[in-house]
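So this first bit is one chain, no partners, the form predicted alone, shown in C-alpha cells.
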C-alpha cells in the first residue's frame, strides 16, 4: 500500500478495513508481548507471566483465551502429575513473525531517533 492523497473513499476503506481487523485482534497492551514471548518458544502460564512484565494472572488468562479463540495460540494440556498446561503459537500465529519483527525494528529506530533528538546539541 502506498499513500495516495487522491484515494477515493471506497478505496480508502478497502485499505483501512483489514488494518482495523488486525488491530481488533492484536490491540491492547499485552497481546503483542504475549505473541513475542511465544515466538521465542512454548511456555507454561507462569513462565509467560514472568516474561511479560507487569501482566496479572487474570489478564494473561483473558488475553490467552482471546488469542486462542482467534486461532493464534494453542493450549495443550499434558497428562502428567500434576497436570501441566503449555501454550504455543499455531502456524497461523507464527505467520505474524514478519509483522512483529517489523514493529520491533521500527520501535528500535523510533527510540534511537527520539533519544538522539532529546540530546542537547
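Positions refer to the first chain, counted from 1. A quick note: this is a predicted structure, and the numbers were derived from the prediction, not measured. Take the two forms, superpose them, and find the largest set of C-alpha atoms that agree within 1.5 Å; that set is the rigid core.
One more form of this protein, predicted together with a further copy of the same chain, exists but is not displayed; see below.
**Q** Evaluate residue 36 for contact with a further copy of the same chain in the predicted complex, applying a 4.5 angstroms cut-off between non-hydrogen atoms, and reply yes or no.
**A** Flag for residue 36 set to yes.
**Q** Is there a non-hydrogen atom of residue 64 within 4.5 angstroms of a non-hydrogen atom of a further copy of the same chain in the predicted complex?
**A** No, residue 64 sits far enough from a further copy of the same chain in the predicted complex that none of its heavy atoms falls within 4.5 Å.
**Q** Please run the contact check for residue 83 against a further copy of the same chain in the predicted complex: heavy atoms, 4.5 angstroms, yes or no?
**A** Output for residue 83 is no: heavy atoms all beyond 4.5 Å of a further copy of the same chain.
**Q** Though only this chain appears here, would residue 32 touch a further copy of the same chain in the predicted complex if you measure heavy atom gaps against 4.5 Å?
**A** Yes, residue 32 sits close enough to a further copy of the same chain in the predicted complex that at least one of its heavy atoms falls within 4.5 Å.
**Q** Counting only non-hydrogen atoms and a 4.5 Å cut-off, give the residues of 33-52 close to a further copy of the same chain in the predicted complex.
**A** 33, 36, 37, 40, 50, 51, 52, in sequence order.
**Q** Aligned on the rigid core, do the two forms place the Cα of residue 18 2 Å or more apart, comparing between this form and the one not shown?
**A** The answer is no; the displacement is under 2 Å.
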